[in-house]
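Take a look at this single chain, the form predicted on its own, given in structure tokens.
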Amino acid sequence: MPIQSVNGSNLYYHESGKGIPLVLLHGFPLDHRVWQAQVHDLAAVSRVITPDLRGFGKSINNSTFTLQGLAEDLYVLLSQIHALPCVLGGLSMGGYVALAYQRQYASTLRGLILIDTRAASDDPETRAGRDIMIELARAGGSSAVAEKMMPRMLAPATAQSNPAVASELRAIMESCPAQTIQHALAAMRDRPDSRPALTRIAAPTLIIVGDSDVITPPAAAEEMHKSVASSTLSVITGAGHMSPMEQPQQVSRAIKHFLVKLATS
């Protein structure tokens, strides 16, 4: 099992394929398994690397962290496995980490992919909601958090027509340690606003959003697209917040097109 010792933590990662390193970061409270379809679809054109961030999945760790700290972990990991420069993609919380990484390690990026995420920091209402969720995780564990989050994670059509995806997503969420959930909620609550840095992003950027995403809606993706001069926007039809799982072929196609364009530019 590929595990690297990074900043006092053992980080797990999965990789498949050869070519330009494509690093895909999972969201909250998830792990590398959300990218199974993309690993399958994109390994023919890239070296697909899907890590478990500190405390998530097989990267077992009980310590607190910040999103900037997760970005620093990632830089060390990718340096150790000789995967720089890379194309870095992030889903939701993974997008927050990708933006934090971009601010500090922009010179190591060949491209940036922001998926169902936003650049703005939490507003007061969202911050208060994070605190409520922290208490829920403390009192009811990961299953209570999954129960609370599930109705907003998927497009209504996905939940009705593809119960296997809903079941898999819930299982991944329920497997996340309750302590990691609390640490991640605090880290997201306290993250800085990334919007001022968007205009300084020089790397080619792909922004992907589900047309039915109610957590980080298309308007948030459009706001980033307007601020990042080198960006393209891909709206995924029939997807909510989990577009890589809900409409994997559309997402893989958008990423593949982006990678091919990078390779020929």
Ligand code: MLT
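Predicted, not measured: the structure shown is a model, and the values here were computed from it. Residue numbers run from 1 along the displayed sequence.
The same protein also has a form predicted together with the named molecule, omitted here; what follows describes it.
Checked against the named molecule in the predicted complex, the residues Ala43, Ala37, Ile215, Val235 give one hit for a heavy atom within 4.5 Å, which is Ile215. Taking a 4.5 Å heavy atom cutoff to the named molecule in the predicted complex, the contact residue among Ala155, Ile134, Leu77, Met188 is Met188.
Shown alone, this chain has one stretch from 199 to 207, 27 to 35, 220 to 228, 58 to 66 that lies within 4.5 Å of the named molecule in the predicted complex by heavy atoms: 27 to 35. Every member of the trio Met93, Tyr96 and His241 reaches the named molecule in the predicted complex with some non-hydrogen atom inside 4.5 Å.
For the chain shown alone, Met149 is a contact residue for the named molecule in the predicted complex, at least one non-hydrogen atom being within 4.5 angstroms. At the 4.5 Å threshold, heavy atoms of Arg110 stay clear of the named molecule in the predicted complex, well away from it. For Arg130, a non-hydrogen atom is located within 4.5 Å of the named molecule in the predicted complex, even though that partner is not displayed.
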